[in-house]
Structure formats: structure tokens, C-alpha cells
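This document opens with one chain alone, in C-alpha cells, the form predicted on its own.
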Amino acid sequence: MTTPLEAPLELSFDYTRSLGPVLGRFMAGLAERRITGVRGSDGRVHVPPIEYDPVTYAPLSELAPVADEGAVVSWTWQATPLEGQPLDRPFAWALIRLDGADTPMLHAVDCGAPEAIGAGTRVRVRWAQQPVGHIKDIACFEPTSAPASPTPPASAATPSPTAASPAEPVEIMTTPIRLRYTHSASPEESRYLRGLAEGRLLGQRCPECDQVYIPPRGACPVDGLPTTDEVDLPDRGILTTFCVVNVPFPGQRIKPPYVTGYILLDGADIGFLHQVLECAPEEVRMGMWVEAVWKPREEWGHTLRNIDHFRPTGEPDAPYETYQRHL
């Protein structure tokens, strides 16, 4: 049996959100190494602040200062830190109730060993060297019994162009999001990917309804039966639906405007998404016959990116009735 393929994958983007008046003032306070909570209708002080009262659901606005020290409520040990976490050495994740707060906040505690932390352990904030009005201005917490980490006073810190004062709430916060994982392809997908490395487009046919799927599926979604029959498909087909991309975004390899659409290969029953180039966007139409433009053979791998794009063949458009059930 052929070993299924696997490959590392990464999904990443910059998550940007508007903060509003409550969180905006909270972040502005962090820029000055101050922590504020918000007082609810029952008198409790919530840290980090919340925007709506958990009792009355009314908007909250009364900020309340709290200390940058507190006590651990509960904790767990992170023996092997992951990329992007607050510390690059073993540390504890802890729920910490700051003095003056009634609710705990989650953060990292740099305590060296699990024996050095427990419920009730006193900890204090270790501030970032140059706070800018971001949640990462709290670098981590450390036990109060440890020597205090050298932190320049706020007045001595190098001013940041993004830092904000309490009179100027932070409006926008951007946080990079990244997910890395290893994808293990199914046997059907592995054969499909190996076929691409040979310049072939392989689909799978359902023995019951005779539908051909590309990329292949292990089972037909209509009948639930294994798609056991392998089908070699041509690298030409019909453009069924499409959109014109006009908005630029990070990582874009083609300058807008350009067309992305679903290609229904001749003999297939499901389309796949790809780019349609070598024609003006206003000339692209549903039913247009297109063909694959492959990259040079030495650039091929186990990926659909072996096809650089599709282009019009110049043939008469396919009648709508021939592809309407595939939209």
C-alpha cells in the first residue's frame, strides 16, 4: 500500500479589531503601565474590563484602577512553550486576581518551576520595555518573592508613536494570528496529488451515481459509497461561475483586477477554484471554455499550483443547459 502524503501547513493573518471606549481606555492605561477595570452594576470590578454588564446587560463605562499585583487563583504548567507564547522557557498559565479586582485575568507567570507557584501565590506584572497600548504591554507576571525585573519608569521609556494617554483611547489593535499543523492526505487525495506531480488530473467516480469528483473524495456525498474508480481528466473545461477581484490584499501575486472562477473539467461533475488570465476581466463569461497553463516541469510538486492559471481556448461558449446543474 502506498504511504499517504503529508505536509506542514500554515494559516496566518493579522487580526485587526476596533476597541471601543472601554477597551480603548484600558489599552491606553497599559501604555502608561496602569491597569484599569470596569465596575458593574453589582459593584464588582472586572479585569480585563468588559463592555456590557453581566447582570443588566447595560453598557459599562465606570473605569476603576486596580493594582499591578495580585494572587494566583488557579494555574497549569506549560512545560514546552509554543512559538508565539509569552515566554520561550517553561512557565505557568494562571488565573490572577489583581488587588482591587473581583474577577481573575489569564496570563503567564515566569516562576521557573511548578513548585514555585500555587493557589494564593503573590505575583506582579512584568511590564514590556516599551509599552505601546497593546495587551502585550503586560509581558508576563512574576512572583513577588523574586527580584523585580528592571523596568524603566513610564516617564523614562522611549516614547512610542502608537502609545496613547487616558485622554486618547486606543482605537485599533492588531494581533498576528498563526496556526501551524501537519496535514495528512487521504489515500484518494494522495493519489490525486501524486498525479499532479506527473502532470495528470485524477478524479474519482461513484459506482452508483456515476459522478466524477475532483479533487477526489473518499465517499460520494450523494450515495455514501466509496469512490473506487479513478478517472483521468483533461486539463480543459468550462468556467461556470466567477468573480472579478478588485481589492488588493497582502500576499497577492497578481495586481487587480483579475478573475477567479470555478472550472468544470470536461468529464467532471464538480468544479474547482482557479485563476483565469490572459483575457480582460470584462471579456470573461459563464460557459467560456478554458485550458490549463502549466508551470515549467522543473517547478512541479504535489500541488494544484503546478497549473499557473487557466486561459480561454477561443471555442464557442458551452450552452447553459450543459453546466447549469454544476453551479
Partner chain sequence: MAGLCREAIDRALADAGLDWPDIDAVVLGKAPDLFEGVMMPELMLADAIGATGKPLLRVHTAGSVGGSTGIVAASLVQAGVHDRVLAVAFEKQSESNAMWALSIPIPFQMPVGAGAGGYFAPHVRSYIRRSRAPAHIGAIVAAKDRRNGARNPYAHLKQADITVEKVQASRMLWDPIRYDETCPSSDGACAVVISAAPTSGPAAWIHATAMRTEPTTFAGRDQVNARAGAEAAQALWRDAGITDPLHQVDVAEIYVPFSWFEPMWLENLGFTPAGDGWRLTEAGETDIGGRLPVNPSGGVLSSNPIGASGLLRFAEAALQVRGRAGDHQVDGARTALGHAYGGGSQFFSLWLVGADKPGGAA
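A quick note: this is a predicted structure, and the numbers were derived from the prediction, not measured. Residue numbers count along the first chain shown, from 1.
This next part talks about the form predicted together with its partner chain, which is not shown.
Enquirer: Heavy atom to heavy atom, is Y213 within 4.5 Å of its partner chain in the model of the complex?
Expert: Contact with its partner chain, yes.
Enquirer: Is there a non-hydrogen atom of P221 within 4.5 angstroms of a non-hydrogen atom of its partner chain in the model of the complex?
Expert: The answer is yes: P221 has a heavy atom within 4.5 Å of its partner chain.
Enquirer: Does at least one non-hydrogen atom of P54 fall within 4.5 angstroms of its partner chain in the model of the complex?
Expert: Contact check for P54: yes, within 4.5 Å of its partner chain in the model of the complex.
Enquirer: Heavy atoms within 4.5 Å of its partner chain in the model of the complex: does R305 have any?
Expert: Judged by the heavy-atom cut-off of 4.5 Å, R305 is in contact with its partner chain in the model of the complex.
Enquirer: Heavy atoms, 4.5 Å, its partner chain in the model of the complex: which of 229-237, 197-205, 242-250, 124-132 makes the cut? Say which one.
Expert: The contacting stretch here is 242-250.
Enquirer: Which listed residue (I270, M288, V66, A28) meets the criterion of a heavy atom within 4.5 Å of its partner chain in the model of the complex?
Expert: So the residue touching its partner chain in the model of the complex, by this definition, is I270.
Enquirer: Scan 182-221 and note down the residues that get a heavy atom within 4.5 Å of its partner chain in the model of the complex; none is a fine answer too.
Expert: Counting only heavy atoms within 4.5 Å of its partner chain in the model of the complex, the contacting residues of 182-221 are H183, A185, E189, L193, Q211, Y213, R217, P221.
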